[in-house]
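Have a look below at one chain only, the form predicted on its own, in structure tokens format.
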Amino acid sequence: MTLRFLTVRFIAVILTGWCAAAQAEITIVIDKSGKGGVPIAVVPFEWRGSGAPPHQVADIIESNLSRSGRFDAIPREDFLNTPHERSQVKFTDWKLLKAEGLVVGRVVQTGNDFQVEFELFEVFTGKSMVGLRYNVRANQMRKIAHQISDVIYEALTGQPGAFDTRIAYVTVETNSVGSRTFYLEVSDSDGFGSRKILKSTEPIMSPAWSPDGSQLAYVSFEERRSKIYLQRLSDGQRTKLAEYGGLNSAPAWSPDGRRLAMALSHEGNPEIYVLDVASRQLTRLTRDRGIDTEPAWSPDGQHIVFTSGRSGRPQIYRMASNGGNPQRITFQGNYNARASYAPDGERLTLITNQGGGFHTAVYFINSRSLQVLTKTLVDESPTFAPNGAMILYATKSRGRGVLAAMSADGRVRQILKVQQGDVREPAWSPLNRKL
């Protein structure tokens, strides 16, 4: 039975409060340590229009699937033909290439709009797994390519894709006399479409997405003091949440979006507190002479992990989200910090130092085992993708701060290099609602 295409009217989300799109050039380098993913062929989409298409949709899809670590794209120079619809597909040719999945499609210009359609086939059986048709504007082409990637990823893995999501991060530019400018930026999950939403001559730190993806909490050192702000992305409206005496740092949203955990030192030592966003009621959770900081909530809201120096060196502790006796959970190495949960609640990603630098690692809560994923010397701020399949973190490359996204097993790594400035403090948004 031939699958009928479903037509989707794509509606852009306009973020009116943002500054103009950043013009910084981004270079993407994908590094794979061996094969092991599902072989998939993404055929260049047929183009029916004047001039060149706004974006090469198939290239974006292939890049997304490759960097997830779950798929190995078959080189296009090996293709025996380039079909664009089912009637043109010769499945025996794709079986010879050992492809398990095949993606074909086309982009048709209709006035100022574009019709994008694709179909995914299971090569062994010749069955169509999914097919969709979208009507979009030119400036929506990359976003729809990410949505198509999500559909394909879910059809082949049974798990939601996370390509149509966003990342927040901080860039730092230094001028010729050494003065620094800090920017809080948001981009697509692959680093494209970056927009600056805050500019400051003082440091910006710790961006954290609200669970619905509509707001960012972050730390700003405006007026030379750390303060925690909440900023709505739709119109740029800012609200000051915390400006207590001393340190105000490390905001982390509860899964229900009603509370923020944070580290405050207004009562002396840095401790973990929880702030009710609506009522501004503040509750203290920890009491210790060691420094407690970097809280993160479990997906079910029942626990909070945090970094503490109470044992003499930074290690990860866990406690009930309403307080109680914290329990140390990391013991490997002399430094473990900046932990955050995977969506399954069974893993943490964190920074570890076991004698050879600060590396991104995954801690498995049930087995209490730690898997080091990187060999770089200085990593920071790791965060899981909202589907748990990838990890985003900041690292150093040739003396500059860059973003890196790797598969959760560390097999595939993608480096996002911005032409100017250092990049740090990344945070991955929640899953977008599909339209």
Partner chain sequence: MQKVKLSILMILMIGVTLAGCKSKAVEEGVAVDEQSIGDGSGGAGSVGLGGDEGALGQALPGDIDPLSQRVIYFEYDSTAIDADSQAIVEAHAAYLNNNYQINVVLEGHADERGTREYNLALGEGRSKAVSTMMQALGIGPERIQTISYGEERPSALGSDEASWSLNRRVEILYSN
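Since the model is a prediction, treat every value here as computed from it, not as a measurement. Numbering follows the first chain given and starts at 1.
This next part talks about the form predicted in complex with its partner chain, which is not shown.
Every residue of the trio Leu247, Gly268 and Lys396 has some heavy atom no more than 4.5 Å from its partner chain in the model of the complex.
With the partner omitted here, the residue from Thr165, Ser206, Thr349, Ser194 that has a non-hydrogen atom within 4.5 angstroms of its partner chain in the model of the complex is Ser206. For the candidate set Asp72, Glu122, Glu222, Glu173, a heavy atom within 4.5 Å of its partner chain in the model of the complex is found for exactly one residue, namely Glu222.
Note that among 281 to 289, 332 to 340, 145 to 153, 95 to 103, the stretch whose heavy atoms approach its partner chain to within 4.5 Å in the model of the complex is 332 to 340. Looking at Glu294, you'd find a heavy atom of it within 4.5 angstroms of its partner chain in the model of the complex.
Taking the partner from elsewhere, Asp78 is found to have every heavy atom lying beyond 4.5 Å of its partner chain in the model of the complex. Proximity of Arg137 to its partner chain in the model of the complex: non-hydrogen atoms within 4.5 Å are absent; the residue sits far from the partner.
Contact between Val378 and its partner chain in the model of the complex is found at the 4.5 Å heavy atom cutoff. Residues of 168 to 185 lying near its partner chain in the model of the complex, listed in sequence order, are Arg180, Phe182, the criterion being any heavy atom within 4.5 Å.
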